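Just the one chain here, the form predicted alone, laid out as structure tokens.
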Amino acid sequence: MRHRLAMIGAIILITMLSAALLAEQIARFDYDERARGYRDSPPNSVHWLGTDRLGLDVWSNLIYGARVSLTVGITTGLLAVGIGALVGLVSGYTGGWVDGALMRLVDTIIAFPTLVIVLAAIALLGASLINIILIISLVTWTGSARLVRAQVLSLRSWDFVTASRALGASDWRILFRHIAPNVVSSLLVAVTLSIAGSVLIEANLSFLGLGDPTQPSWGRMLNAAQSHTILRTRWWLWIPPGLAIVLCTLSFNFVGDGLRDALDPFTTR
């Protein structure tokens, strides 16, 4: 509560999530409904944020786009951190050749630009929403794996782990019953940062024309507004989706900073 930026970010995210869940009630039109008499129309009493050259309502597409962007971001962030946490736990606790093999896999994935891998995979598998979520998750888990591994390497030598091993606890029980709870606070922060990154990757894909063509998204809105004429004369086509992406990613980062300060036992309060 003392972290003002985190509270502001939380309020913005709650507002966006509420709008995404209640899109049918908040949006004045369907995202693919065309208004013939209001093409390239500036904001007015009928279309609050104007319309594009096809007559699509910008406000409605912004609301429905929040649903897609947040769905991809949250689902991908949870999957990526889940995969990374499992790999990091096993790698850090087991050590030896298992640790070496898993970390070389992490190094190999990190060596390639994330966006390039995602673009190539989507070009091969198709640009469906499920494919986008799975591909981004399978590429962005490496940071969480390294974070968890570093903590496990420290925790496995602590007295409570030694005591559990002396009492006959199995490795899996020690790992998931005693060590894993001690890395949850770091994972909560990692989730927020992973979600923010996933929202940006999805926006990049949609902007490049590789997002799900059947769903509206903020990136697609920016893709349709990239000409110089639109940038100079039709601000309502690119400022709302661009601002939505900025606010969404910043809010997740602010919430992550707030969680880190609140959960860090070494933070002075």
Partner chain sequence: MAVSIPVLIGITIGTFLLISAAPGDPLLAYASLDDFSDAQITRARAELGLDDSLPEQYLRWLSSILQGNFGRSLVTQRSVAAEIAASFGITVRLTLLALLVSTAVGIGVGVISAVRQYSLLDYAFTFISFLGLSMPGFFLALLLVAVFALSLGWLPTSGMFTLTLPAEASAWERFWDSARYLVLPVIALSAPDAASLARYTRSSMLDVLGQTYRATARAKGLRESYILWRHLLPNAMLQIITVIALRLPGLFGGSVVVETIFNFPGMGLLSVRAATDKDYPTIMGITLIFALLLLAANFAADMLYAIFDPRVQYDQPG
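Bear in mind the structure is a predicted one, so any value in this text is a computation, not a measurement. Residue numbers count along the first chain shown, from 1.
FYI, the form predicted in complex with the partner chain isn't displayed, but the following is about it.
In the predicted complex, no heavy atom of Asn44 sits within 4.5 Å of the partner chain. Although the partner is absent here, Trp236 lies well away from the partner chain in the predicted complex, with no heavy atom inside 4.5 Å. The partner chain is not shown here, and in the predicted complex it never comes within 4.5 Å of any heavy atom of Trp158. Contact annotation for Asn204: at least one heavy atom lies within 4.5 Å of the partner chain in the predicted complex.
With the partner left out here, the partner chain still marks one of 159 to 167, 101 to 109, 74 to 82, 181 to 189 in the predicted complex; by a 4.5 Å heavy atom cut-off that stretch is 101 to 109.
Between the partner chain and the residues Ile117, Val87, Leu175, Leu134, the one pair within 4.5 Å by heavy atoms in the predicted complex involves Ile117. For the partner-free chain shown, just Leu200 of 175 to 201 comes within 4.5 angstroms of the partner chain in the predicted complex, judged by any non-hydrogen atom.
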